[in-house]
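Shown next as structure tokens: one chain only, the form predicted alone.
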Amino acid sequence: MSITDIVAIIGMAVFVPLLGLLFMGIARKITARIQNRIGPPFYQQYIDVMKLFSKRSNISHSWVFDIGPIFAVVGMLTTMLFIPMGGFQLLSFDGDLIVIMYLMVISGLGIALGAGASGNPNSGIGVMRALVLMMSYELPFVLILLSVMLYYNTTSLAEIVSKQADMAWAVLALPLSAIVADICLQGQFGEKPFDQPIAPAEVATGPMVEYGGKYLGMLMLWHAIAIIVEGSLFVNLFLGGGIVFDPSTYVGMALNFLVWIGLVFLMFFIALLINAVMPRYRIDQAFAFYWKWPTILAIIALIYVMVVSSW
């Protein structure tokens, strides 16, 4: 690995959390305005993270509890290396889309292990809900991934992006798959009606209830990175990765990067609007919902791709 690659990795490891925190701050402001409140400033998340990292935490239930947030952040940062971001991708190979799915699950399991070691019943309930929710949306999402991989005949995310050049986006060719993927994205973001794991009014933020100080700061960074990674995955699968301008020039590369940021925020903004007007499902309702209509639509989308591919 060259010095340039190392610098690029460090740069993205700094930029992506900062961008995610900005999105989270804007989200609080937008939600407040929808609810006819003023809300905190958009930079409040930066202040909160710095404050948390400046505090000491005297609570430690075990080494598993301590390492859980680190495991989650490192897992999501590793996932980030395989995600094209406006044409920039640090790691790529055939089958990297499958690796991305494994890494995203592993990151969530890190939080589950750490929170489960706390012994707090609210934390245990939150972990249980998070795992059930993950199992719920993973089934239709995996079916959608199969349809996209079959349609483009590749398991490389970079190749899927390149085959959507000249605005031939998959959202136009596979609209049903895109709709189901966006429904799954709502659960991945953890926005209503699929925010059961944290549910502040029910389980006091669930898995995070025992965490404070640097631990809670790391979990905020994990969520910030996850917003960008999950939103970017959808953009790469269905919106051409934001590649609109000629990537062979520096100006084109910079403009594509800005388009990518805008599209990721667009997907997050849609999730915010749904979050602001929807009530929370019970966890059994969320499970039944994902394994019913999204799964049925995902199967129909997969059959459609199989029929089209056989022609």
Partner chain sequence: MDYTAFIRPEYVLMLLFAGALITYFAGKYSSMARYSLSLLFSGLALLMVALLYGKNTLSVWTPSITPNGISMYVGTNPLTWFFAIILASLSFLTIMYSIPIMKGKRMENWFYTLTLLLMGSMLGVVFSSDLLSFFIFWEMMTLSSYLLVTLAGKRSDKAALNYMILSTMGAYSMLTGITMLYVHFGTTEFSLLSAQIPGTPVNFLWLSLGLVAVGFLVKSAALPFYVWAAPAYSEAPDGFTPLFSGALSKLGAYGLFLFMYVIVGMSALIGMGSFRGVSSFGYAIALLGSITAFIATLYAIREDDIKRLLAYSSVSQVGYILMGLGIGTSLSVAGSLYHALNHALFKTVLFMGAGAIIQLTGTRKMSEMGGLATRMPITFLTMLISIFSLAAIPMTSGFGSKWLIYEAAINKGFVFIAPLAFVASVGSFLYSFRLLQAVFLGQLPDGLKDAKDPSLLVTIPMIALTSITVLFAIVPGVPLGAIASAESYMGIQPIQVDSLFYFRIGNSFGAYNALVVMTILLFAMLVAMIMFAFAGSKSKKVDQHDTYLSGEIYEHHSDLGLHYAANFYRPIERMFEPYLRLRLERTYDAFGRGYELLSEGIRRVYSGDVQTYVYYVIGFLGMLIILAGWWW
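As the structure is a prediction and not an experimental result, all values here were calculated from the model. Residue numbers count along the first chain shown, from 1.
What follows is about the form predicted together with the partner chain, which we do not show.
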Margin query: Looking at heavy atoms inside 4.5 Å, which stretch does the partner chain contact in the predicted bound form, given the options 230-238, 190-198, 167-175, 115-123?
Written below: 115-123
Next item on the list: Examine M134 and determine whether its closest non-hydrogen atom to the partner chain in the predicted bound form is within 4.5 angstroms.
Entry: yes
Check: T154: heavy atom within 4.5 Å of the partner chain in the predicted bound form?
Finding: yes
Margin query: If we define contact as a non-hydrogen atom of the residue within 4.5 angstroms of the partner, is Y102 a contact of the partner chain in the predicted bound form?
Written below: yes
Next item on the list: Could you confirm whether F53 comes within 4.5 Å of the partner chain in the predicted bound form, counting heavy atoms only?
Entry: yes
Margin query: Let me test this: is every residue among S62, D96 and L143 within 4.5 Å of the partner chain in the predicted bound form, going by heavy atom positions?
Written below: yes
Check: Which pick from V127, M85, M220, V180 sits with a heavy atom within 4.5 Å of the partner chain in the predicted bound form?
Finding: V127
